[in-house]
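Coming up is one lone chain in structure tokens, specifically the form predicted on its own.
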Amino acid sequence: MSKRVIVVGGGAAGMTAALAVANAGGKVTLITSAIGGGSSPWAQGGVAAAVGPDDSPDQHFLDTLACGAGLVDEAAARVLTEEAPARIADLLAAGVPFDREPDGSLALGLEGGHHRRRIIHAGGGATGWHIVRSLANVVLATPDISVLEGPSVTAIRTHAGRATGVELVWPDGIDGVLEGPVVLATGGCAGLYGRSTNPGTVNGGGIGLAWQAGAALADLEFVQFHPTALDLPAADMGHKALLLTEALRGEGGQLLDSRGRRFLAEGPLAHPLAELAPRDIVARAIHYARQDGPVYLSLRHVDPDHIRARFPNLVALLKPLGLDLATDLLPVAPAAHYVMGGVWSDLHGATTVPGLYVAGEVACTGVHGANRLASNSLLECLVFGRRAGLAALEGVQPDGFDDMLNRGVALEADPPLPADEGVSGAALGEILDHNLGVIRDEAGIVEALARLAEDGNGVVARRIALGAWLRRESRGAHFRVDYPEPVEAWRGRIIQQRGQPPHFAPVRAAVAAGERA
């Protein structure tokens, strides 16, 4: 009798894990609100992979390290970049219609932090949608994968410290239990923010389930803010921040301040890579530039026919708002986009709870360090989704956590104020936007800790705040004006585990940002 694996989440990571199990001879029950849902279909830019003639996995690895601000786990980055071409081949076999050059070769885009054109895309800026649609077709046609659409997982079942299955409830109130090893592929938690490029359903639910099951979390203070989300009143956007993909800047898009100046190319906010600097740098520059007035993304100087042909989905999304992607000045501001932290896992997706595995944005392998390199997110879903599925099928035990803790120290620190009774979802988003955004400080973080309660989504939001309070430095996506520089002593990871004091552990074989790029 074939072993059955439970996969929670129907996005790119979950479907990849399910297919890996089925292809290896196992059976899968895939639980999801909707197949092909979550953050994956919203991904615009593409998938990073070294498939071009002038590129290599080693160069992709070096770019990943440089962007991660000294906290990238090198072993995880090697796995990610070396397995990338094979995972692209898997997607081609699944029928993903990647964009092509006239000679039939894959069209490769350029994004911030990359020193080569290696962004493989589909439908211009509709890559995520095409990937999940193609994977869903394969999943639904695979007999050994049973898809349950609709139920919510309410708990990870454990026995003697081991995950044994899940508890779930259907919309009509009927509950049930499924037994087997569990792969969580439930996405991140950036949707908790009021201004976010994520749907509100991306609210850290899987992180909370793992926390309650006793799994360790890591790096949650590192929330990436996408620099260029459309800056229009919420009513115009249906209360959603529309992402304007980084690939627009890769095709020549410029960022202009209220005086029409390219502030990333000249002046006090300038950077050698200008608009193609890493996301944390661009997001902070926009934050400061907006203090003097609106900031705009402009493609007016680029051939309009090229822009409209390259990004047809964005042209269509902007048209009802009265905006022309090719010719208008597009108001932009940062929005919560991605969390580098999540449930601690080894290189096979194994967590500190045996029998519980994670993949995709819910996981924290350390592959992104303090700041994710653009378009490594979908790639992470593919590489580590496959690994997590196979590990769950084979019963792989977690590796490396105890050694990491032994190299670190406990942080004997409590939040400075008690939690209130809790806040509503809308108020929670306002707290995160105001107190834990692109720029942070002691007073704001303490205020957040005083208002975020240990219940519901507040559990995960409070983990973000506690990590930000503990990390007294600025690094990557975590920037504190009261500690504005990186500190060598903090070049490590903050681990949080229910019932235990937070712990700090140095990063395995990390290098400082830019040392080898």
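This structure is a prediction, so every number in the text was calculated from the model and none was measured. Start at 1 and count along the sequence shown; that's the residue number.
Only in words, not in the display: the form predicted together with a small molecule, which the text now covers.
Remark: Leu356 does not count among the residues lining the small molecule in the predicted complex, judged by a heavy atom distance of 4.5 Å or less.
Though the partner is left out of this view, His337 does reach within 4.5 Å of the small molecule in the predicted complex, counting heavy atoms only. For Gly45, a non-hydrogen atom is located within 4.5 Å of the small molecule in the predicted complex, even though that partner is not displayed. Under a 4.5 angstroms non-hydrogen atom cutoff, the small molecule in the predicted complex has Arg372 among its neighbouring residues.
With the partner omitted here, the residue from Thr81, Thr365, Thr351, Thr245 that has a non-hydrogen atom within 4.5 angstroms of the small molecule in the predicted complex is Thr245. Of the candidates Asp219, Glu275, Asp73, Glu111, Glu111 is the one whose heavy atoms come within 4.5 Å of the small molecule in the predicted complex; the others do not. You can rule out all but one of 285 to 293, 386 to 394, 155 to 163, 373 to 381: in the predicted complex, only 373 to 381 has residues with a heavy atom within 4.5 Å of the small molecule.
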